[in-house]
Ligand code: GFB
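The data below hold one chain only, encoded as structure tokens and taken in the form predicted alone.
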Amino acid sequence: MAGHRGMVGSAIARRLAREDCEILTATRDDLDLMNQAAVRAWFADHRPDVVVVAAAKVGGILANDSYPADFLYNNLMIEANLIEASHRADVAKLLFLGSSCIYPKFVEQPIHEESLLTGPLEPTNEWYAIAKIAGIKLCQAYRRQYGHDFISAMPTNLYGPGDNFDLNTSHVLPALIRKAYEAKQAHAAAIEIWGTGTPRREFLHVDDLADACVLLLKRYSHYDHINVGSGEDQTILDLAHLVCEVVGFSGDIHCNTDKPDGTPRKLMAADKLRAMGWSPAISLPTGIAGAYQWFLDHKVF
């Protein structure tokens, strides 16, 4: 398991703990995933049967737009080292996790897997998207050239326990939770959200993703990547109202139209995964309430 301390990796590790398997992990102090020689040596020593690539440098619009080189280079190195080391160690199965940002900015909704590389990307996160697209193609290349069972899954916007609540690097939902909480504590009159509030986004609880990942590891073996989404979306403004309701902040919500909106809409078509019997179990209000409670318990900024 690469990335077991992150929100996604920790959720998958929790889910795998219910399976008949031994979970192998390494902390950043133990293993630098950007060090090719170190990664190869770790694989040679531990010989994992299955690899889940959940490790990545992630962030919201501000972080992506501010650090394009870091997002492209770091993610390319991490995924390339892990996938190549898995090949050398003859790993039986590898699951690479990407992101819905791999798809073009203006694309038919809901987004099907076949829409990949059919148009320009959203400029504010194209660096991360290009790295994730490269990861998909690398898995496909190793499957094609060597016959490895390397698969890729593309989750929609994720949230839940272990999320990042730093306003400079977080995604929209944890940022809204923190803004609403701090405004409530300060008895502020309003909170601010970026853009017009009209873009539509889909959200999936990370524990629902973990269930999907275990299913894919057991039953999915194909060249093409597969979407993992809830099938429902809402505007950012509606999301902000829902977060404020959960947090208990009753002030106004101001839209800062000087800030970018990002992609107008991102709704994933997850028909292939649902046909395998998976569907999300955690509703958005319930999931936000749980994420807010985790935030209160940890206050990790």
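As the structure is a prediction and not an experimental result, all values here were calculated from the model. Residues carry their position along the shown sequence, with the first being 1.
Keep in mind that the form predicted in complex with the ligand is missing from the display, and what follows is about it.
* P260: heavy atom within 4.5 Å of the ligand in the model of the complex? -> Yes, P260 lies within 4.5 Å of the ligand in the model of the complex.
* Would V247 count as touching the ligand in the model of the complex under a 4.5 Å heavy atom rule? -> Heavy-atom contact with the ligand at 4.5 Å: absent for V247.
* Does the ligand get within 4.5 angstroms of any non-hydrogen atom of A269 in the model of the complex? -> No.
* Would S86 count as a contact of the ligand in the model of the complex, using a 4.5 angstroms cut-off between non-hydrogen atoms? -> Looking in the model of the complex, residue contacts with the ligand do not include S86, since no heavy atom lies within 4.5 Å.
* 4.5 Å heavy atom contact with the ligand in the model of the complex for all of N64, N157 and I193 -> Contact check passed for all of N64, N157 and I193.
* Asked: L216, V206, V228, C101: which sits within 4.5 Å of the ligand in the model of the complex by any heavy atom?
  -> Residue within 4.5 Å of the partner: C101.
* Asked: Among A55, I236, V39, V243, which has any heavy atom within 4.5 Å of the ligand in the model of the complex?
  -> Only one option qualifies, and that one is I236.
* Asked: Out of 77 to 85, 163 to 171, 216 to 224, 103 to 111, where are the residues with a heavy atom within 4.5 Å of the ligand in the model of the complex?
  -> So the stretch in question is 163 to 171.
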